[in-house]
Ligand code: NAI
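Form predicted on its own, single chain, as structure tokens, below.
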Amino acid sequence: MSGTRKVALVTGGRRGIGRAIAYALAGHGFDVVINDAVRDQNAQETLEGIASRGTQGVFVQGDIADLAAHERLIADVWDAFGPVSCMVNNAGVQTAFRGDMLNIPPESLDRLLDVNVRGTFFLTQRMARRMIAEPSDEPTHPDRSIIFISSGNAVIATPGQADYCISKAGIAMMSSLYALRLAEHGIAVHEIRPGIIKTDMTADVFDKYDGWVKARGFPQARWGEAEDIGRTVGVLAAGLLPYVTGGAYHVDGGMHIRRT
């Protein structure tokens, strides 16, 4: 794929972290397909933002939890711009239950696993097969990538949102497994673990975490911005770190560092 136009798919790309990722990829010269379960004004604004950065954007609607829709979704992505060189698995849901893990209802864990783990795994599986069918020119120097957006909760245990932690730990293992499987095909795989990022998804816990930030509860004591994640994705997708795969990147201001 060397010398061809670069194309990226960002799931959950219509707003928040997904939008920041799409903008960063556009800044690195990628045409970007954004996917989300609904199309609204947020999606339109993201497409306009991609265009303002000098590349093209297309919206492909689809719920990644709907496995039956994956074949059509991937076909629509390919039809938009041709072969994909970067897939960013950003789509995900937060827990609807916050409280004692001994009281988590089955439907809460089921929903998180359906979207964050099951949907992500099988969509990536289908995308990987399609990417393998388009051989890379640089099998030992990956020019293609799959990037998983997990969470600091992949390794930081928080009993008050245990079902969410379990789902993100699953993504962490998924990233390692795909890295091992796809290296021979010139496809690098990376995992990004955001810390506390100021988005619509964290609005309901702002007061809880804002006190921690103000008390300097971790080294770089500020709220993370969606752009912090976007920049990291951009560097990885652009191949600026060509001799890495299977790594987990903590974009959390040092929150993950174990202290005594």
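Values in this document were obtained by computation on a predicted structure and should not be read as measured data. Numbering starts at 1 and follows the sequence shown.
One more form of this protein exists, namely the form predicted together with the ligand; it is left out here, but the text below deals with it.
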### Message
So in the predicted complex, is the ligand close enough to Thr46 to count as touching (4.5 Å, heavy atoms)?
### Response
no
### 4.5 Å heavy atom contact, Val33 and the ligand in the predicted complex
no
### Query
Taking 4.5 angstroms as the cut-off for heavy atoms, does Tyr164 touch the ligand in the predicted complex?
yes
#### Entry: Residue contact check: Ala188 to the ligand in the predicted complex, 4.5 Å heavy atom
no
### Triple contact flag Val38, Ile197 and Asp200 to the ligand in the predicted complex, non-hydrogen atom at 4.5 angstroms
yes
#### Entry: Partner-proximal stretch of 172-180, 90-98, 125-133, 77-85 relative to the ligand in the predicted complex, 4.5 angstroms, heavy atom
90-98
## Note on the structure
Of the residues spanning 144-163, the ones with some heavy atom within 4.5 Å of the ligand in the predicted complex are Ile149, Ser150, Ser151
